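For reference, the chain that follows is the form predicted alone, supplied as structure tokens.
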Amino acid sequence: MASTSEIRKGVVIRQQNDLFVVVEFQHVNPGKGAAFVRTRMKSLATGKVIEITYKTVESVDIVSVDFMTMQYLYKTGDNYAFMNMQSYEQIEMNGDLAGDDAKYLKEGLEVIVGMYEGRPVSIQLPKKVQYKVVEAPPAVKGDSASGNVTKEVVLENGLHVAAPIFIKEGEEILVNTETGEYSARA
């Protein structure tokens, strides 16, 4: 049994005789009362999403998961294909398990895949990923008068991101995968 402080995104927890992967979590420390951890978890067997709140004094049954670096290859239907960098073995992950992180995947991107009993259960993206801007409206003179002005640009994977007005088509930018925001020029 483990402490609730060890709950993170991608961790697998045994709950109600089923295995759940943590999709979202939030450590809450209210000014009055005891601290707690709010989680959204997806069942590995059924795909059902549940929300559970744990008090910090509770213990949870965290299941051991093997993590390995893999390279994203391509998408087929609802599945995403990854390749083990050492053995060149390929695996496919259901799009439901990839969740919102799937929109940041691009060919050749190295991610950390959590494996439980030989099947993928979660992915961890790098904090920042480099993308090429394929569509950016031109900046208009006078736009910078109000300070931090942004425009919506389209990236090579189809993702729309608010970027500063000086970003042009063809440039490489870094996007924060935790917030989905522009981070810097590459």
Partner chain sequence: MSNWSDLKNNPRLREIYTQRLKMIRLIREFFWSAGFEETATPAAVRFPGQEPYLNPVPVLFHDSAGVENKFYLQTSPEFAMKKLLAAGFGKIFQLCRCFRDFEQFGGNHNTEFTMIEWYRAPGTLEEIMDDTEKLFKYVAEKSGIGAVEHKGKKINVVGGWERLSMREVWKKYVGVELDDYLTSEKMAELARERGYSVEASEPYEDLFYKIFLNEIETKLGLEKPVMIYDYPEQMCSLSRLSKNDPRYAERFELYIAGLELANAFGELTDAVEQKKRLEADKEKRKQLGKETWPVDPDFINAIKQIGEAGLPAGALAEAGGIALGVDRLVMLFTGAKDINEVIFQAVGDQLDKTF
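On a predicted model such as this, the values are computed, not experimentally measured, just so you know. Numbering follows the first chain given and starts at 1. Definition used throughout: the rigid core is the maximal C-alpha set that superposes within 1.5 Å between two forms.
This protein has a second form, the form predicted together with its partner chain, left out of what is shown; the following refers to that one.
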item	value
Contacting member of His160, Lys55, Arg119, Lys48, with respect to its partner chain in the predicted bound form [4.5 Å, heavy atom]	Lys55
Complete contact of Ala2, Ala81 and Ile91 with its partner chain in the predicted bound form (any heavy atom, 4.5 Å)	no
Contact flag, Tyr131 vs its partner chain in the predicted bound form, heavy atom cut 4.5 Å	no
Distance check, Ala139 to its partner chain in the predicted bound form, heavy atom within 4.5 Å	no
Contact flag, Gln16 vs its partner chain in the predicted bound form, heavy atom cut 4.5 Å	yes
Distance check, Gly10 to its partner chain in the predicted bound form, heavy atom within 4.5 Å	no
In the predicted bound form: members of 29 to 45 within 4.5 Å of its partner chain, any heavy atom	Asn29, Pro30, Gly31, Lys32, Gly33, Ala34, Ala35, Phe36, Arg38
Flag for Glu172, CA shift 2 Å or larger between the shown form and the other one after aligning core	no
Large Cα shift (2 Å or above) at Phe36 between the shown form and the other one, core-fitted	yes
